[in-house]
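Following this are structure 1 and structure 2, which are two forms of one protein chain, each written alone as structure tokens.
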Structure 1
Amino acid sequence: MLDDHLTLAIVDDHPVVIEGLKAVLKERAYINTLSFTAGKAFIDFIKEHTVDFVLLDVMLPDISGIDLCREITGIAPDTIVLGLSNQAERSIILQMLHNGASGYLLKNASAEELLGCIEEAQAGKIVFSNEVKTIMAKPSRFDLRGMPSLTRREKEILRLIADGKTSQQIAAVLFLSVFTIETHRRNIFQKLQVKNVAELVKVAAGNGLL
């Protein structure tokens, strides 16, 4: 930012959204708006030019918003990226933040909300639109206090599950009945509030239980 202008890029494959955002952003005369409908085109662009700010759709045809976000912050670490999407899924939001985004907005955010978030993000804050805030605010699962404590047996079985062992195999290794393993498995599911092994392993890995 050599002058007092701000270069803002919209990356979204939906032309209507682009036009809507541009209209809102006209409110702020100091913002120069660019737009891209594909991730690759944008990547090529920032290799040659400087962009201060990006509004990035997470559902793009040619590349996932998450990967794109990582690439952008890799190439231009000073660029501020805000995720933009129709529905807010907690895991996606976290992935975006984890890959360098400075915030996350829903497309149904009001004009004031949008401009407010841009200004706050510009000031270095992490911003969310209101709906996103409510999603991020609540439990997650057990974000802060107390990962539910698993018993010895449960941890042991959890590790074997994560190693890809079937209940039969686990039963064989531990000299127990398959039924016992399945009972333990269900208890673990309940404690960690997951529905299947996929989620189980993700949660366990993310909380240092593996």
Structure 2
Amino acid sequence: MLDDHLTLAIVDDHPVVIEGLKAVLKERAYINTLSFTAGKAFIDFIKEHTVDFVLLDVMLPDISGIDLCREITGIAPDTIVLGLSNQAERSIILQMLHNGASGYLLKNASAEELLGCIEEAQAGKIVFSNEVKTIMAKPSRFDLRGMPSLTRREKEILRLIADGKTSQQIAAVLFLSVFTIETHRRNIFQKLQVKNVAELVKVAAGNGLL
């Protein structure tokens, strides 16, 4: 059972999601629910007020929820943060946990899952919705050998590729030959085990390389 008069903040930029969560949380009369549609507004609030619990979206208009999670737990280490998102990438879930989250739920979780996870997290447990449990049970391509390290130049070229620039354009920007850029490009693709730019951007973004 949760403590009486629990203050819970929803940080999500979708009003429909906020209203749906509020409707579910009404089942627990002792939960006082607040809502914020931007991360910075919530940071300003939590610096002056105590919040027991946060349901935090990963995608916000002004700041990454992953970065915001780290800020929240730095400012208010006793505040429990649960990621609540449509983002089902295992790497994103791990980053949220690394930054202090006590669990992660997908937005398709049932009301019973949500309320159960809140109560379990309040009891000190790390919690996941059922679908997230399945995701976490599957090893990623980097679990056994770890995320490969990229050189400073490779990271620079990776960011330019993600920006949509061609090898010729990157060569002009960095004052390097097209051959050198193509060599770096092949190395990056090989290290990250991807076959095309779309997959490259997805893997790089999901693992904090962009």
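As the structure is a computational prediction, the values presented were derived from the model and not from experiment. One-based numbering along structure 1's sequence throughout. Think of the rigid core as the biggest set of C-alphas that the two forms share within 1.5 Å after superposition.
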Answer check: the form predicted alone matches structure 2
If you line up the core, does residue 191 shift 2 angstroms or more at its C-alpha between structure 1 and structure 2? yes
Please determine whether the C-alpha atom of residue 160 is displaced by 2 Å or more between structure 1 and structure 2 following superposition on the rigid core. yes
With the core lined up, does the C-alpha of residue 18 move 2 Å or more between structure 1 and structure 2? no
Cα of residue 181, core superposed, displaced between structure 1 and structure 2 by (Å) 17.1
